[in-house]
Every structure is written in C-alpha cells, then in structure tokens.
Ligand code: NAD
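Starting off, we have a lone chain in the form predicted on its own, written out as structure tokens.
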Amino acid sequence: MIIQPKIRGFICTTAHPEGCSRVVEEQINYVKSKGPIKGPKNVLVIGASTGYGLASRIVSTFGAGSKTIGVFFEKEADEKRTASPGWYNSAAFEKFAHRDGYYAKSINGDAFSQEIKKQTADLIRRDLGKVDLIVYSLASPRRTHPVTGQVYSSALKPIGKSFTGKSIDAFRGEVKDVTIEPADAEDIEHTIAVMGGEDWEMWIDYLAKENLLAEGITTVAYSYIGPRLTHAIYKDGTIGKAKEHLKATADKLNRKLEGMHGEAVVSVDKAVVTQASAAIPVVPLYISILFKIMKEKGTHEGCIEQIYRLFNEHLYSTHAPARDSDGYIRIDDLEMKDDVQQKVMEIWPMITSENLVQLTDVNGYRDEFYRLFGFNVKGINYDADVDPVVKIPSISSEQEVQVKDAN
C-alpha cells in the first residue's frame, strides 16, 4: 500500500508505519543523548501510545531503565485502512525496547473499563509484582462509565456566555473568527466525567486493593492551563472544569497514599501539537505564534524534552521537587515567561491570512501535525509501497478477543 496523508478537518485518517517508527526512534535517541537518570523501576502508563504518555514510556525505559506496561486503545490495520498512529508508535516502541533488552508489554483496550483494569492488574502481578510509578495520560472524547454504563461525551465550550475569537485553518492558511455557544450543565458534567479525575482515582483504588502499589508510589497526571488569551475556551471553559477536578483528585489521592509515603501530582505542560489540541478553536493559532517566538529564543520543546525534564528535575531529582502555590509541577514555565507571553499578545491582533506565514510558525505547526501520523519525516520515501500491517509483539490474539468482548 502507498500511504499518503488524508486530512479531514482537524483529523488525519491515515498513518505511516515507517514514519511513526522513525519519530519514536528520534525521541529515543534524544533521551539516550541526555544520559541516564534516576527513576522508577516498574512503570504503568495509562494512555501510552501518543504525546506525553508515549514520551513518559520512552523516558522511563531509555532514561531510567524501567520496566513498562502501556495501556491504550488503538486500531490495528485491516485490508482497507492503516492502523492508527498510536498503534504504530507502540509497535515501534516495543521493537526498540526489546532490541535493547528492556521489558515492555502493552494492553490494547478501553482503559475506562473494568476488564482492562483487571487485565493490567493481572499482568503487573505476574511480571512486575508492584509498580512504583503510574502515569495517567488519557485523551479521549468519550467515556463509558464502568459501573453505570452511561456514555459521556466531552464538549469544548465556554461557560456563561458565548465566545468569539480568532482561529486558523492551518492547512488552508486562513485566519477566521469563530463563535462558540456556551455550555449547559450537561456539557460541563459530561466533560468532567471524561476528562476529570474519576477514572484516575478508580485506577489507583483498584490497584491499591489488589496490593500492586509499591511503597513510595508516585502517580502523575498531565494538564494544561495556558495563557489568559485562551482562558475563555480553555481554563474557564468546560475543559478547565475538568482540569480542576483532576487537580482535586490529585489532592484526594495524596491523602489516600499518605500511609504508603506515596504522592499524586499534576504536571502542567507546555502547549504542543496533538490530535486533541488541533480540535480546540483559538489554540492552533496561539501555538503557531508561540512556536515562532520560542524557536527564536531557543527554548522550544516538544513532548520528549519536557518529560525528560519532568523526570530529571522534578519527579526524581536529588533536591526537593518544585511546586507552585497550588501544588502543580510547572513544565510550562518556559512558555509562560513574561517576555514570551508579551510577544504573543503583541502579535495576536496583527494576524491576518495575508501575513500568517510571516508572523507565525504555521508551517511548523502543520509539519508537527503531519508528524503525529508519521508524515513529513526525513528519510522516509512516501511513494514506496509499504505493508500497513504491523504487529505489537506483546499483544496476544487471546487478549484481542477479550478486548473485543469487553467492548
């Protein structure tokens, strides 16, 4: 199959296995170039196939030599479609980890479900005994509650009043105004149910009940706050309410883990191009401006650079980890510097379709988006015939059947 990108709105419906593998390898090589770090022994990453979750698995393995179990919900290729990029990422990660002699196994299925929690617990018990780091990095638009069976769908909406602001179509190079109507009570409830901390707490409670948490357990979830420019649609919107719930869950988990000398923390990370962020109005334009400024200053970071810094300078540093006044770890510190945000605010009102390329790094934004799906990667021949079917060694056919039955 000759695989080319097919863009629909803010989604690419194809992915390239060799391109995804090369991107994973680049992240591994970055970690290796930085040298070994102190870190956890046995790691569970929930939401391990893309973005910050994938970066967490790479840093754990190739930075700290950890054994990792990754949980994700991705699609394998069939005769008509490529696999999802997360499937190819995970296959590549396992290939490189096993090549270098590291333990790495994966579970593919709905992480919100009780069945996948049980499968994960059984694998931890059999292979690792206990885990000392749990990374919670799920990004899903909907959730089926494992107890009630209710299906919740998240909403990207402001609260209290409608919002109108600038956004871009990055692929057409067009700047346009968007108006988003305010959320109702159900929108808020559903977004909290999907993107808040309830499932994170369910995972920790279940693994604690199964006696699979090591003494001194650390668990970290990822969040974003962003600048005042995006607050109406993000921090003060439905997503913001979910992120508040996530932080409240961390505080609650801290109390639960106190007896084990454990800790639950939320890391606030920098704006990056992800499938999720591409769907949020205003954010792609903000990221395009931010990238230009931070690249010019030499402070631009992607997921892998931030997670390496999170492990090395905060979670497993030799000094007391830094927290802000609300208890967050702030890996977005370089993004939120006053001079960076002041420059963003100077450029923002000037942006038009005509000067978009000159005043922003929209080309860089677009390139990063393509790379999420394995495209625009140096050294890959996209005109060559490639087999879209790639297996993840640790996912057995028996598990695949169980996952299908569970869903």
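The first residue of the sequence shown is number 1, and the count goes up from there. Since this is a predicted model, take the numbers as computed values, not measurements.
Below, we turn to the form predicted in complex with the named molecule, even though it does not appear here.
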167, 275, 249, 119 - the one with a heavy atom within 4.5 Å of the named molecule in the model of the complex: 275
The unique member of 311, 112, 152, 200 whose heavy atoms fall within 4.5 Å of the named molecule in the model of the complex: 112
Options 343 to 351, 27 to 35, 357 to 365, 44 to 52; stretch whose heavy atom lies within 4.5 Å of the named molecule in the model of the complex: 44 to 52
Distance check, residue 93 to the named molecule in the model of the complex, heavy atom within 4.5 Å: no
Touches the named molecule in the model of the complex: residue 137 (any heavy atom, 4.5 Å): yes
Close approach of residue 190 to the named molecule in the model of the complex, 4.5 Å, heavy atom: no
Non-hydrogen atom contact residue 218 with the named molecule in the model of the complex at 4.5 angstroms: no
Interface residues of 218 to 256 toward the named molecule, as seen in the model of the complex [heavy atoms, 4.5 Å]: 222, 223, 224, 234, 243
